[in-house]
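A single chain comes next, written as C-alpha cells; it is the form predicted on its own.
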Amino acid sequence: MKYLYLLGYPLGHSISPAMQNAALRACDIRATRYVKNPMPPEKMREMILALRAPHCIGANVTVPHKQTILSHLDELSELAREIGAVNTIIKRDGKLVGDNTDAYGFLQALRVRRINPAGARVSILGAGGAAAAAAYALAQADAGEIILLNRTLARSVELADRLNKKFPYLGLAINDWDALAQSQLIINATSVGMSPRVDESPAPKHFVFPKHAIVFDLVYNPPATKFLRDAKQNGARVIGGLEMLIYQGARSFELWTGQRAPIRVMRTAATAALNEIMQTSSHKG
C-alpha cells in the first residue's frame, strides 16, 4: 500500500482525506490511501523521515508547516519558491519536490464565479502561506492594488518584498486599514473564525463591509464564518473556502497521479464530509 499524507498540526476534522480518497477510488487507484499525519513543529525531522519512506508518494502540507518546510525539501517548483510556501509535495526519483497549488485553487474559485480581479483594489488579511498564495495569484491576474493587512508588520513587509521582486509595478500597501472600506475584494487568509473559534472575525471591531465588495474567506469550516455573516448582512457578495480547497486539492491530485482530477466526485465527497462535521458539532452543542 502506498500513502499520501496530510501534514499539519493540529489537523482536527479535515475533510481532505474524504475528498482525496474519493478521487482515488473514482480513478481506480486502489493501492493508494490519503491519510492524516499530524505533526507538531518540533517534529520536523520525523516529518521528513515519513516523507522519505518508500511507501510515501507525496503529501499535502497545511499550517503551521507551509513555510518552515521549505528548507527541508530537495527541490522547489518556481511557483513555490516565488510564493515562499509549499502546500503539495511530490516524490520524484526519490527526491521531495515542493509545489504550491493554493494559488491555482484560489483563482479557480473566483473564475468559476466569473469574477475577474484585474484592476481591482484587494485587501488581504494575513501574511502566511495562504495569504502569500492569494497575493501572488492576484498579482498574476493583474489586480490593480493589493493591501496586506496583518498584526505582525514584519511579515507583511517580507511578503511585499517578495511580490515586488516578481511584480515591480504592482501597487502595494501595508497595514492601510482605512483602504479596507474602499476595497472591491476582501480576503480573510488567516485562521481566525475557523472552528471552534466560530464567533471570532479578523475584521476590525465595528467595521462595516462595503456593499459593493466581494468578500472571500479561505476558511471552510464553518461554511459561514462570522466574517462572511457580517459581510452578507451588509449586502456584500460572499464566498466560502470550500471551493478553493476543492480546486487546490484537485491540482495536487493531478500532480501526484498524472490523471485528471474528478472534480464532481471531490466536491460531493468534500461537501458530505463537511456536512457531517457540522451535524456532529450541532449535536454536541
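Note that residue numbering begins at 1 and tracks the sequence as displayed. These figures come from a predicted structure and were not determined experimentally.
Here the subject shifts to the form predicted in complex with a small molecule, a form of this protein not shown in this document.
Legend entry - Heavy atom of P117 within 4.5 Å of the small molecule in the predicted bound form: Close contact is absent here: in the predicted bound form, P117 is far from the small molecule, nothing within 4.5 Å, heavy atoms only.
Inset, instruction - Determine whether any heavy atom of V63 comes within 4.5 Å of a heavy atom of the small molecule in the predicted bound form, and answer yes or no. - result: Yes, V63 is a contact residue.
Inset, instruction - Indicate whether the small molecule has at least one heavy atom within 4.5 Å of a heavy atom of S195 in the predicted bound form. - result: No, S195 sits far enough from the small molecule in the predicted bound form that none of its heavy atoms falls within 4.5 Å.
Inset, instruction - Find out whether any non-hydrogen atom of P210 is located within 4.5 angstroms of the small molecule in the predicted bound form, and reply yes or no. - result: Result no; P210 lies far from the small molecule in the predicted bound form.
Inset, instruction - Let me know the one among K166, K95, R111, R151 whose heavy atoms come within 4.5 Å of the small molecule in the predicted bound form, would you? - result: If I apply the 4.5 Å criterion carefully, the residue I get is R151.
Legend entry - Partner-contacting position among A189, A143, A80, I186 - heavy atom within 4.5 Å of the small molecule in the predicted bound form: Of A189, A143, A80, I186, the residue with a heavy atom within 4.5 Å of the small molecule in the predicted bound form is A189.
Inset, instruction - Pick the stretch from 125-133, 178-186, 103-111, 69-77 whose residues have a heavy atom within 4.5 Å of the small molecule in the predicted bound form. - result: Of the options, only 125-133 has residues within 4.5 Å of the partner.
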